[in-house]
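In structure tokens, one chain follows: the form predicted alone.
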């Protein structure tokens, strides 16, 4: 897989802070028990022209964090505290985060086959944001849809706008969702595990496409994944999430070459492409705690080989220079 990491930000200039999430807490409300935290005091940011990774095991809260930014949380889930600032505007302070959906912040959902409507053509679905948000005539929309499908490298794109999702391969379905996200030329795209269920070759093509689109359009990406090996090749910075908390964050170099948190080390060790393909891959014992489970101290303590007496108290956020931060008493 070739590297696409090439930030458009001039190192000599201060980057524009496009998205800033501060102290975000999301809860799931139950009828018969107290609310359960899905995300806890999450803070992250995305600068203009960046590709930022948000990684962690399934159930860490990555997808719900992303959906909360654009008002797509499921029923009974809600943001109870924190700020989400997009270009300086607080989307949660008396406002509706859904107002930026599609036009300024777009989502590429996971599992393209289920995200696409099986009874609508690809062209109709890619053009839908233009109908909802735009003021283009139908003939002009058809031309723009053809252009978008060509941009994401759909073969014979203009002939295939009338095809249905089942007539597209998995990789082409994912490209169609990417074209849909690009339709309004948003400055920020949330890519939620866009390579799930794709083989390694198609994964590489999608990753290369994201890097190409960033360079061509200037769009920033928040790339959500559980695959550290995948994000290592193209993200500028990475946030590591565990059980609803950000446990480590920093540049890609800091995360992989100066790792501080045991959970990050465990993820790296469990990735075949990063572990050097040993005969037997290490695993992380136990399981990620469920949101309603009450845990005192460090939430990774029960699975951590380095846990000690201090871990009975929740670790503070420490810094290791620059943007590198972590939550661990024994880092």
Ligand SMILES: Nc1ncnc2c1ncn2[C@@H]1O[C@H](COP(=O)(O)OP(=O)(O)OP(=O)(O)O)[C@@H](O)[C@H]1O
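Remember, it's a predicted structure, so these values are computed and weren't measured experimentally. Numbering follows the first chain given and starts at 1.
Not pictured, yet referred to below: the form predicted in complex with the named molecule.
- When the named molecule is considered in the predicted complex, only one residue from 44, 284, 271, 28 comes within 4.5 Å through any heavy atom, namely 28.
- Taken together, 60, 63 and 77 are fully in contact with the named molecule in the predicted complex: each brings a heavy atom within 4.5 Å.
- Contact with the named molecule, judged by heavy atoms within 4.5 Å in the predicted complex, is confined among 63-71, 294-302, 261-269, 45-53 to 63-71.
- Looking at residue 163, you'd find every heavy atom of it more than 4.5 angstroms from the named molecule in the predicted complex.
- Interface membership of residue 205, defined by any non-hydrogen atom within 4.5 Å of the named molecule in the predicted complex, is ruled out.
- Among residues of the shown chain, residue 251 is not one whose heavy atoms approach the named molecule to within 4.5 Å in the predicted complex.
- Looking at residue 217, you'd find every heavy atom of it more than 4.5 angstroms from the named molecule in the predicted complex.
- Shown without its partner, the chain has 193 as the single residue in segment 192-223 with a non-hydrogen atom within 4.5 angstroms of the named molecule in the predicted complex.
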